[in-house]
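This document starts with one chain, in the form predicted alone, laid out as structure tokens.
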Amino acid sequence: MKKGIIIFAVFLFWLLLVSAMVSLPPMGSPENPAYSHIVPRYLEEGVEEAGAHNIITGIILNYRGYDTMGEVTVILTALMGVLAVLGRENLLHHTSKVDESTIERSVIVKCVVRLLVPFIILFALYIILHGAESPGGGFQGGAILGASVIALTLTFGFSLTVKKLPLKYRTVFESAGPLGFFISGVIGLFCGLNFLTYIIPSVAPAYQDLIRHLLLLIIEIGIGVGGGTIIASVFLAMEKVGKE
């Protein structure tokens, strides 16, 4: 009896999905709402409404800001899951295969990485800070920051990287993404507006664009710094091995 009820419920759910799929517009059809309404709105009014010359940034942080805030929270949650399984690194109890390797690391590789990593970090900061005006943004800059930490670890070892990026700082920076959304959102609430409202009517019109740009910049910095730190922390947690 119970098995029959489950099969019937699954069948009804399948019918619901099929009926929903049948009512969807054809794939690639020019009459699809995404092509007839949404895209023209983004292209024609995106800069004025979203406050970013980079339309992609305007969509991610403004039109679908709540969704992006959820994505940032998911990334932080993923780090929590990794740490719940693998735990944090500890120099007193952990090392890495790179540190234990008996193969001497190339002097050329060391010199190149030592020379390039500062420029990679500088480029990542540029990508983060100019994401509203040019290609890039917090996610892209954060990935570059995380990659620089991985390059540093693979070249100079686990111990050096952990000393350069102490845990007490990383635990603060890891939550920078959700914190950036919280700060920008709460400012709107204090002004009597909705959460994540970037246009403040009480501010003089001459300064509204500046305020909106600063609020978006806070979020971009939070996403970039938080994302890069999370990538570094996940890598260090996976790289560590117990000392004998």
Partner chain sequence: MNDLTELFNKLFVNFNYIVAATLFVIGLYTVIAKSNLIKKFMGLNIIETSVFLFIVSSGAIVGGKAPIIGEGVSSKTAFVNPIPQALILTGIVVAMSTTAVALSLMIKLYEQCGTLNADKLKELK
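Worth saying up front: this structure is predicted, and the values here are computed from it rather than measured. Just so we're on the same page, rigid core means the largest C-alpha set that superposes within 1.5 Å between forms. Residue numbers count along the first chain shown, from 1.
One more form of this protein, predicted together with its partner chain, exists but is not displayed; see below.
Contact between A78 and its partner chain in the predicted bound form is found at the 4.5 Å heavy atom cutoff.
Residue contact with its partner chain in the predicted bound form: V98 places no heavy atom within 4.5 Å of it.
At a distance threshold of 4.5 angstroms between non-hydrogen atoms, S184 is out of contact with its partner chain in the predicted bound form. Shown alone here, S29 lies within 4.5 Å of its partner chain in the predicted bound form, counting heavy atoms only.
Here the chain stands by itself, but in the predicted bound form one stretch of 151 to 159, 114 to 122, 136 to 144, 98 to 106, 136 to 144, has heavy atoms within 4.5 Å of its partner chain.
The candidate spot formed by I6, I38 and H53 is fully in contact with its partner chain in the predicted bound form: every one of the three has a heavy atom within 4.5 Å. Contacts between stretch 222 to 243 and its partner chain, counted in the predicted bound form as any heavy atom lying within 4.5 Å, involve I231, V234, M238, listed in sequence order. Core-superposed comparison between the shown form and the other one: the Cα of I6 travels 2 Å or more. The Cα-Cα distance between I55 and P30 is shortened by 3 Å or more in the predicted bound form relative to the form shown here.
Note on P30 and P135: their C-alpha atoms are nearer in the predicted bound form, a change of at least 3 Å from this conformation.
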